[in-house]
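Taking the form predicted alone, here's one chain by itself in structure tokens.
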Amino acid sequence: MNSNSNNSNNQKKRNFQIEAFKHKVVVDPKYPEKTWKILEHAIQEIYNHNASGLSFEELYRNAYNMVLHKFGEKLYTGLVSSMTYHLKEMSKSIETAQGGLFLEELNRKWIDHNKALQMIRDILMYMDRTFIPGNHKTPVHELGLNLWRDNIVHSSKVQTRLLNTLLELILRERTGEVINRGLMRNIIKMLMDLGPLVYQEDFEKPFLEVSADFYRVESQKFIECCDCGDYLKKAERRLNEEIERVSHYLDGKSEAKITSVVEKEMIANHMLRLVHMENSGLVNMLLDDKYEDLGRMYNLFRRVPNGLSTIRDVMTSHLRDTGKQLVTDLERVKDPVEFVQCLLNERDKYDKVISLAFNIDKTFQNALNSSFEFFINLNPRSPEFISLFVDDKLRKGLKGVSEEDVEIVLDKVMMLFRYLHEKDVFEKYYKQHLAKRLLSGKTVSDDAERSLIVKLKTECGYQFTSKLEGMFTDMKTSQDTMQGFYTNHGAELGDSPTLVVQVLTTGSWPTQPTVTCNLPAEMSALCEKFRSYYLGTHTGRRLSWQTNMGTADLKATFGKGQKHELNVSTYQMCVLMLFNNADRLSYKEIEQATEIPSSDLKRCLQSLACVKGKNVLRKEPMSKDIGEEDAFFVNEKFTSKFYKVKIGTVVAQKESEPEKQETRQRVEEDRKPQIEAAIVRIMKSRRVLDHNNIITEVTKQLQSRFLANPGEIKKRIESLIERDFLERDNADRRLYRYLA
């Protein structure tokens, strides 16, 4: 037993002992060749679609051992030559494919090659990870792609044929045929997988060149036979087709390149011809409100250099021409309200174009503003006309209109007002018109009046509107004054006429020359009572009656006892009251009795005797105009379906030439102190300044009210030098100094 156990111990000891090799291990010299043959056979089977019978584990181990035994180089070169052989075989079957089958065969073989490559890569994974990086070789997958590229895509019989086939298919698609987009996508994807250079050189560059030729010819054909709108539709459709084509089967990076080709050939090269196309270009689109076409033109032209500036320049020049015609059209100028309405319509039209077609583009809005500013100031009467437009709207035009709509009209007026260079001229007229509205009680709504004044104040500051606000204050104060007068004197006045007086502060209202006019005795006595009451309650004031601005209501009875209440001006009242004591009066007698100035009297008699339906007097001889030899009678046959009859004065809505000159003169006079004040302000802060800079600064400071004339500024500088506010520099006569 013992000896046995010893024996087993010795055996154990022997198991743990590692002895050195007695001789060198020699690898079978045929080992690499044999192993490679196994692997080569496997590659062949993979390419022949017989991979299912292979043991991938065994193949992997064989490849692993070859690398381990330093036969990596043999394995690698064997792989290159084996794959090259199979690819050359594939190439033959691709080359022999006929017509439409060519791409299908190419695609099929590409799919086969990719599958084979995947399996081969799995078998040779160890080589891919160790031998290849260590020896700076191309990795298996990349190697497979390179070999495909060199043996198939770049083979002499495939390369040109492939390109031509692809371009031919795209051309057929452009001409309306349906092609196999899925196949196209696979082939293009193959080129992209082979690297960006292959896609660009073998396909993209020639594709872009052929496309440029195609669109050059097509655009030439279209432009000869289509109008502008149709041409743009075709260009837009082509552009969208190319974008769609890229999304279906080209590289996304090609989109910018192909759209650029279409833009250049179809739009940039024909831009001017399209814009100026006879009967259908940009101007016609604007005239016919073709918002869709205009929008299409904007969206296409914005894609090319100088596209939008081309549209903008043509629009501006057209707008300036139409605006110029509008403001200098003698027919339009006859009706100021119509004149301003046309300007607003034009503005609305272009606002609509810019918002619907031009993407509310700021640069187009600026062009619109500068155009309006340009032509609105070509007509020196624009400030007067805009004020007359407001007058018309606030007297009657906005009756029954909602507050929102009133605001819209006022905002539009303000927009035109902003374009005026001579805002102070507008202020002059506006003041006159507002005065007439307030005094005749003819304003549609005080809210609308005040709203506009607030807008003017926001735009031009407090000074611009302080006098206008003063006018409203006077109207309110006058109501309180009249209440006081009747509280004091009501009892003693009995049934004498009712008097309503508006007391106006001289500086706030447009200055009116005091005109003589003999009031009827009963009115005269009443006015005197008011004068003594007013001066008794306000010390140090003077009252002068402005009879040319008043109105009166008269009760009248005609021939057959028909009674009416006549709403007339103070002048008309003075004339009519004379007929209480006379049946017939000559022009001379009326003039003598009333002492109304002759031009006013003629207008007054014209409205009483010559206006159909309002002719409470009749005259001999019957004619439209008043002569100094005419005689007047009460028109006993006067009838009207209304009890109250308003008899307006025949007025010149626009100013006559002398009145215009007078307003102009007053404006020029008012400007002088403003220019001087600006010069003094500037010189006070700058101390020393040369002539040109003063002109620039003064113009800039005053442009919110008017455009100062350099000649007038020079005169004001001279005047300030005379009054020792400034002095000229002794050395440089164009330099001025401020004298404190």
Partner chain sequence: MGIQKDRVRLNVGGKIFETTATTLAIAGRNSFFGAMFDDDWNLQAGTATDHLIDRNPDCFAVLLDLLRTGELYIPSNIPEKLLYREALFYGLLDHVRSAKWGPFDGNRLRLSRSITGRAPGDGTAIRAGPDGGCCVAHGSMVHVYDWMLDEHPAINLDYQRVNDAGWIDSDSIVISACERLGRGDGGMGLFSASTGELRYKFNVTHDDQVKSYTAGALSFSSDDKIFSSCKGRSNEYGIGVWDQTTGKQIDFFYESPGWSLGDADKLQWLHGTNCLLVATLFPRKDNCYISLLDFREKKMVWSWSDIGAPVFDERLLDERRVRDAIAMEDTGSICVVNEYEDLGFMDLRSTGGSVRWSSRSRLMKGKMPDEPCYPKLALHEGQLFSSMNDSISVFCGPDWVLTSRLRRSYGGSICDFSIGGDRLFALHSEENVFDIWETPPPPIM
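Residue numbers count along the first chain shown, from 1. The model shown is predicted, which means the values in this text are computed figures rather than measured ones.
There is another form of this protein, the form predicted together with its partner chain, and it is not shown here; the text below is about that form.
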From 125, 454, 171, 525: within 4.5 Å of its partner chain in the model of the complex by heavy atoms is 125
Sort through 586, 488, 118, 317 and report the residue having a heavy atom within 4.5 Å of its partner chain in the model of the complex. 118
Pick from 706 to 714, 668 to 676, 30 to 38, 47 to 55: which stretch has non-hydrogen atoms within 4.5 Å of its partner chain in the model of the complex? 47 to 55
In the model of the complex, residue 689 touching its partner chain (heavy atom, 4.5 Å): no
Report whether the minimum heavy atom distance between residue 531 and its partner chain in the model of the complex is within 4.5 Å. no
Answer with yes or no whether residue 477 is in contact with its partner chain in the model of the complex, where contact means some heavy atom within 4.5 Å. no
Contact test in the model of the complex: residue 66 vs its partner chain, heavy atoms, 4.5 Å: no
